[in-house]
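Take a look at this one chain, the form predicted on its own, written out in structure tokens.
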């Protein structure tokens, strides 16, 4: 009887072992660098209401306010639709007119260093103002937005509760406040834990029984991601993004010319009166403005676009800065077949064609799909005190 029990135990153990790949020490270290999740976060020092309940409630109200657009037809949630993964599912954003770029999701946006495909925003609150002022998106203006907040009793009350004083006569100050409240709300939009996170944490504690719950296809795709594919060279850390900009061989030609990408973004950043070098930065120590002060315009920046975070990536199709790739399978195919001739020649390129076969491509897609959250595990938002003017 004892012998039969030992045989059955050995067979069960062998069957279980077949469900977990034998990752090398180097692979384990690479995998563990993609967590833990949720990642630590601290309020934005450039935004004095970052993390404040009143600001979060006021920002949420503004996020769904159509009158920030003079037409009354476009709001932040027009492009950042909650039930579409906080983006719009379109190849290119559509406000008052169609733009040249894909709408980025605002999920996990609080972990970014630069904002927008070209990094023209150096803070989330400054980036939040860009669609309001863009003629193709919301088509508003500094004066119109400030007048709305001052004249509407509910919005004026929300502003006063958030900043401790009624909206001032200075339009720029009111507009900066709008951006800071919008940022405070967006900072709360964070993805929950995914099947990958459960596997990563089980790997960290050598919990074999928990590791075997992660599908083998996803494990094989993960091995490609951190190994042969070298995907984690750019998509690393808990949010699977290095926060920088690269040319990945996606065409950047648009109607009437070319999209300059990061090159144009740096120019916009440097001329933006709401950048962190300006008077609206609440960080009196000045540390938050260091990267803005030292950003340099280089020729190689032309045609570079931001590395997107990969959490919930299965929910944010279509892909790339111009929405030119419809599915994750298309993205994997792009990197599998990429031509080095399409890349800039500045320095040695990290990108080389992966030449994945059909099974390997499917495994990599399975891994990317495993980054989708099951459900949010963060505390619920605390709305600000309702305004009843």
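Numbering follows the first chain given and starts at 1. All of these numbers come straight from a predicted model, not from anything done at the bench.
Omitted here: the form predicted together with a small molecule. The next part is about that form.
K.L.:
Would 159, 176 and 274 all count as contacting the small molecule in the predicted bound form, using a 4.5 Å heavy atom cut-off?
P.N.:
No, none of 159, 176 and 274 comes within 4.5 Å of the small molecule in the predicted bound form.
K.L.:
Whether residue 218 contacts the small molecule in the predicted bound form should be assessed with a 4.5 Å heavy atom distance threshold; does it?
P.N.:
No, residue 218 sits far enough from the small molecule in the predicted bound form that none of its heavy atoms falls within 4.5 Å.
K.L.:
Using 4.5 Å between non-hydrogen atoms, is residue 182 touching the small molecule in the predicted bound form?
P.N.:
Yes, residue 182 lies within 4.5 Å of the small molecule in the predicted bound form.
K.L.:
Contact with the small molecule in the predicted bound form for residue 118, defined as at least one heavy atom pair within 4.5 Å: yes or no?
P.N.:
Yes.
K.L.:
So in the predicted bound form, does residue 34 come within 4.5 Å of the small molecule, heavy atom to heavy atom?
P.N.:
No, residue 34 is distant from the partner.
K.L.:
Can you pick the stretch from 160-168, 285-293, 210-218, 229-237 whose heavy atoms fall within 4.5 Å of the small molecule in the predicted bound form?
P.N.:
Partner-contacting stretch among the options: 229-237.
K.L.:
Which listed residue (197, 137, 122, 187) meets the criterion of a heavy atom within 4.5 Å of the small molecule in the predicted bound form?
P.N.:
None of the other options qualify; the answer is 137.
K.L.:
If the cut-off is 4.5 angstroms on heavy atoms, which of these, 281, 127, 301, 191, is the one near the small molecule in the predicted bound form?
P.N.:
Looking at 281, 127, 301, 191 one by one, just 127 meets the 4.5 Å heavy-atom criterion.
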